[in-house]
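Presented below, as structure tokens, is a lone chain in the form predicted on its own.
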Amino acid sequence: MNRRQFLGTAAAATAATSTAAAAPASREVDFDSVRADFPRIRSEAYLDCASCHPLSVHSVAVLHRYVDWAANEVGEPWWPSWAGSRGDAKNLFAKLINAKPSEIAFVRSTIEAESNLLNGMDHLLAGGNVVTNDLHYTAALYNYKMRQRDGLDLRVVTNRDWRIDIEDMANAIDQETKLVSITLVSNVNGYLSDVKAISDLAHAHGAYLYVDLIQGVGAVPVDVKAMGIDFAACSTYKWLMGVKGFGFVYIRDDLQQTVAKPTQHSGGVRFNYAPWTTKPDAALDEISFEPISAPSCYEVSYPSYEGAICAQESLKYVHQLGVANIRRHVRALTDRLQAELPALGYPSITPKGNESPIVVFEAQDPTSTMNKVRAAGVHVAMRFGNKMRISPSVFSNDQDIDRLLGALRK
């Protein structure tokens, strides 16, 4: 099979996977009622969830209960009743991305997770190359550029009109490629990567695929098995509706402790000599320990309980609404923005028909544009100089879009 035939086959497989993943949920959701769950909308039309998603009243309530416990009940026994929330959060996230709980570990941030994975793959990356693209998160690109300075063979594919051409990726990936690193959804313009096609390319050359999920999971369907993802990570404070400082890393079970070795060790030891014990065991070393099994071997000490209990609540909420329903609701709003904003002099840099919750438009006068929307009580983001990023969510509606468009018509 030549490369063009391979790409055609991969694209067809991706289309089939996307169609299945995007099948509408059977249950209808009253998104007007959902608005009542998010106090943030009382003050503004908030359209900046790609920066930070507001907390729901349900997550706020469980955080208040935790704070009350920490203020009034914390103490011995030190293992709190909240410990179960950690396992539940991990199970809920695994279910969301079609992984096994044994493939999920807690992390503090997406970038930390990717960096630790790279550290654990040093033995693999030596003598090979890493392929990424310029729509990856800039902090991740900085990480790779720093490693390039230390000798990593790095290949950065540049976008074509704010899209990543699959043939450009194919030209960059070769038999020496060890890792391909991409985002599911670009924070730059909301571009939704053709993950399955890129996975097929990587695997055909013996490479692994890492995907940064933070700007998509919870808002677009993710199936790590169907998409061919080997490693992935995300924080919870965007489309998972959680807090900062807490997230998840996915490591395919057969790659744990071999391809991606743990690099930050956290555990305990047993002292087998006086005065630690009055009866030393001759069969044991003076200082003995049991290696921690995966996936906990990738976790350093305790995760944030605040993060875990908030994730537990917010993931229940996402599952209750259904990702297919969430995407369908938001897609109606982003489609409207794509149709109406260019006519007002704001050309789009987000591909037509894009399935992510992020749309981005160029503003001729960024300062004036932001002054207009702020005066109208609308919250959007201006990034990379003149790129107006708009990212509605489950609580957004047509009245919010009317408010934005009205401000920009002035």
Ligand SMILES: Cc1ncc(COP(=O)(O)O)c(C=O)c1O
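Note that residue numbering begins at 1 and tracks the sequence as displayed. On a predicted model such as this, the values are computed, not experimentally measured, just so you know.
The form predicted in complex with the ligand exists for this protein as well; it is not shown, and the discussion that follows is about that form.
Asker: Find the only residue in Trp162, Tyr144, Tyr305, Tyr137 having a heavy atom within 4.5 Å of the ligand in the model of the complex.
Answerer: Partner contact (heavy atom, 4.5 Å) among the options: Tyr137.
Asker: Only one of Val157, Ile229, Ile214, Val249 comes within 4.5 Å of the ligand in the model of the complex by heavy atoms, so just point that one out.
Answerer: If I apply the 4.5 Å criterion carefully, the residue I get is Ile214.
Asker: Can you tell me whether Val185 touches the ligand? I mean in the model of the complex, with a 4.5 angstroms heavy atom cut-off.
Answerer: Output for Val185 is yes: heavy atoms within 4.5 Å of the ligand.
Asker: Does any heavy atom of Tyr208 come within 4.5 Å of a heavy atom of the ligand in the model of the complex?
Answerer: Heavy-atom contact with the ligand at 4.5 Å: absent for Tyr208.
Asker: Is Thr110 a contact residue for the ligand in the model of the complex, using a 4.5 Å heavy atom cut-off?
Answerer: Thr110 belongs to the contact set for the ligand.
Asker: Just checking whether Ser235 would be counted as a contact of the ligand in the model of the complex - the rule being heavy atoms within 4.5 angstroms.
Answerer: Looking in the model of the complex, residue contacts with the ligand include Ser235, since a heavy atom lies within 4.5 Å.
Asker: Pick the stretch from 164-172, 287-295, 88-96, 110-118 whose residues have a heavy atom within 4.5 Å of the ligand in the model of the complex.
Answerer: Careful reading of the contacts points to 110-118.
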